[in-house]
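Given next, in structure tokens, is a single chain: the form predicted alone.
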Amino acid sequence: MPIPKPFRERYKDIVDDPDLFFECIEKLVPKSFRVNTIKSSSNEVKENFEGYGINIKQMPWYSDAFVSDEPNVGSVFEHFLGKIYLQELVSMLPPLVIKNELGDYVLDACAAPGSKTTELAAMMENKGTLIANDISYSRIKALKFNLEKVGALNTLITNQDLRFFPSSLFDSILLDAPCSSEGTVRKNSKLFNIWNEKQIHGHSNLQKQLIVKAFDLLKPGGVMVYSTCTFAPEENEAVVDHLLQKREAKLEKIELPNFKLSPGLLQWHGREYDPQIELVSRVWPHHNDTGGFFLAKVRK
């Protein structure tokens, strides 16, 4: 599926190398997986894959993340047993951002189908309480399956519209918001068949409600990560800027050694954002050979 001209026009001026960017998103994203440390270890998985004769490469920025040039990497016994979890590399980033600040009471606000939830459970070593919430009952079936498969025992599932989630105070919150999913185009080029700017604005309106509600569910001093898999500033910087206008929130710089992050945009289509927005992070696909992503770390 060729890249639509409006898409090229929209993003060519905000990316550092437009030619590399557009060339990259026309290629398939590498097959990747994460070791589920509840059931296994990176060393065990590496040994087993070597025995299978399957080449895998460990990521320098996350020792439990691997890529493989084997298209059927999901057919190995480790996947069947829940020792590895097939997951895009950028999807692993949000839990990494708050790994050292999770606390004992954690909310994954839009959790299904559970890629980041299962990662959080492993990082928490199956201790504490992890609430996995999602508005979609049909998607919760997949969430439940994945949690059982990886052996997550500290996780409770709730089926709520986050905007009306019961009052509570969490140590940390992951809000991986529903979005236009532009950053997943390397996995599914058919996304361009339905891509339009009207869709982007619809998501932005919902995301602004979700981020304010999620912030209100944080304990004082607590940390939230807001993330999307889209390039659209309306769904990224504009949403975080909305929170900064509505609440006394502070942004913190995101550090991911050996992984290239780009700063946020301070303006878009004539609108200027809060200077703090420079602290958010964009992930451009051509920088790390990944999908596209956006991350913001918020302190209450």
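Here the structure is a predicted model, which is why all the values come from computation and not from measurement. All residue numbers refer to positions in the sequence shown, first residue = 1.
This next part talks about the form predicted together with a small molecule, which is not shown.
Note on the interface: of 129-137, 186-194, 149-157, 96-104, the segment with non-hydrogen atoms within 4.5 angstroms of the small molecule in the model of the complex is 129-137. Shown alone here, residue 161 lies within 4.5 Å of the small molecule in the model of the complex, counting heavy atoms only. Within this chain, residue 116 lines the site of the small molecule in the model of the complex, having a heavy atom no more than 4.5 Å away. Residue contact with the small molecule in the model of the complex: residue 142 places no heavy atom within 4.5 Å of it. The closest heavy atom approach of residue 74 to the small molecule in the model of the complex falls outside 4.5 Å. Contact with the small molecule in the model of the complex, defined as a heavy atom within 4.5 Å, holds for exactly one of 121, 111, 211, 173, namely 111. Of the residues 200, 223, 217, 177, just one reaches the small molecule in the model of the complex with a heavy atom at 4.5 Å or closer; this is 177.
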